[in-house]
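Listed next as structure tokens: two forms of one protein chain, kept apart as structure 1 and structure 2.
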Structure 1
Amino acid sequence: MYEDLRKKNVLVTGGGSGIGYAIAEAFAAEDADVLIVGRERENLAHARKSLGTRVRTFEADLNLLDRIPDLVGELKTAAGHIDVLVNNAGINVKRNAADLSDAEYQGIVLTNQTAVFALTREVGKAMVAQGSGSIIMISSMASRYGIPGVVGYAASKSAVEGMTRALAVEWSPSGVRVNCIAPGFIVTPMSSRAFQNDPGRKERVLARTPLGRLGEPSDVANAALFLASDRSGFITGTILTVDGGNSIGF
């Protein structure tokens, strides 16, 4: 147990499914109070029902940047303050660069990069004022590998890693830590689509993963607990790889 996470207010974006759901579940198991922001009503209802009373959900499309300050106001009214922000919501569009329109590229960047900044700015301002907080970004191995067909996704996730370092330095004097998890290949609805559309992908991934399996959402959630807790109190600006060794596999 991470005793210090008990009764902490933890905001998880995209917490209705996949990795975000596992993160919400892990924090709730530590007796933290979890606020999930997501845009899929059915997933939010399922999370509320299955994760119990420590979890509250807020339906919002984070692409609507103008509404983010009001959303954060609503969350602060509901919770009092926010101790931990996990920027998990993200999208991927698999398309060759030559066929990816400007609008599609901007759409990926809007969700994965600009909305992440807008929410982090609003929550971060309040954390700076309260003198404490832990912010966790979620990037991807796509920011380090040259994976074909995901140029917008790779660019936006690389931006998130840069944002992590810049914000960590800016907000450290105010007691706010900013870190990032770079998951490898994790079994979720998002990755299942990629595996379905690319027979042989799973074998290629496993062939270079020393720990010999795909990741589970709980593997990422465990890293998020650590980065949120005081036990990582001297860690900021870091990118924590959670990939079973895939990125160093030969």
Structure 2
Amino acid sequence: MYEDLRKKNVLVTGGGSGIGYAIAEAFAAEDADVLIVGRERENLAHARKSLGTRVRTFEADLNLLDRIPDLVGELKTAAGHIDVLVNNAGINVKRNAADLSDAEYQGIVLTNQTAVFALTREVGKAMVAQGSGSIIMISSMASRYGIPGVVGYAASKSAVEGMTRALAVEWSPSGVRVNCIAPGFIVTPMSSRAFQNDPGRKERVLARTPLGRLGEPSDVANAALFLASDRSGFITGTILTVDGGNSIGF
């Protein structure tokens, strides 16, 4: 479907499970060469075994910021260069704001925003030097809604959206496009647990979603394929909402 993605080198963080896995799977299906970075060894082993020979995995903790330049060097040595970066890795701590400690808040921001910037900076420098590249951030509808219990997550994802626009302005003249996907309510193990703990929440979500269903990880993966491909060649600095219309429903 996306001939221009064949043999492109695609780096996906947190690609061992959930939405990240679906994104890695989608790029591999387009015959791209996928590099998955994550810190869960079992997830990486599963991805490597199930996604085939076009996928290579690298165990790394992106919160160790001082190691990121060496990691990017290792990835460039393994692949030659990086054509696409998908910043998918992220965490959440669900807790009322009054009970969220400074350390917990900083931990969320470190993973979801600071580490994303540090990795993007290093990969982006290489992309600018080569004169091409597509960087895709993963945000969340938590950056648009007032959702209780996720203040750190919402703040970090709002920062990611602002960073997307700023980097797009800086790097697009050098041939590097920067975009962001904001998924809505997607079926993942995390969301499934949340719905089990609050059955009425799923009913409320579906009631205001015009398409009448929850999203699948493949819906986000399809958006990533489009933003990475030449078909979106005149798109940069945008936040693409993938939510079945939930944000406009009433």
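Quick caveat: nothing in here was measured; it's all calculated off a predicted structure. Shifts are known only where both forms have a C-alpha. Residue numbering: structure 1 sequence, from 1. Note that the rigid core is defined as the largest set of C-alphas that superpose within 1.5 Å between two forms.
Asker: Form predicted on its own, is that 1 or 2?
Answerer: Structure 2 is the one predicted on its own.
Asker: Can you give me the runs of at least three consecutive residues whose Cα atoms all move 2 Å or more between structures 1 and 2, with the core used for the fit?
Answerer: Residues 192-199 form the sole shifted run.
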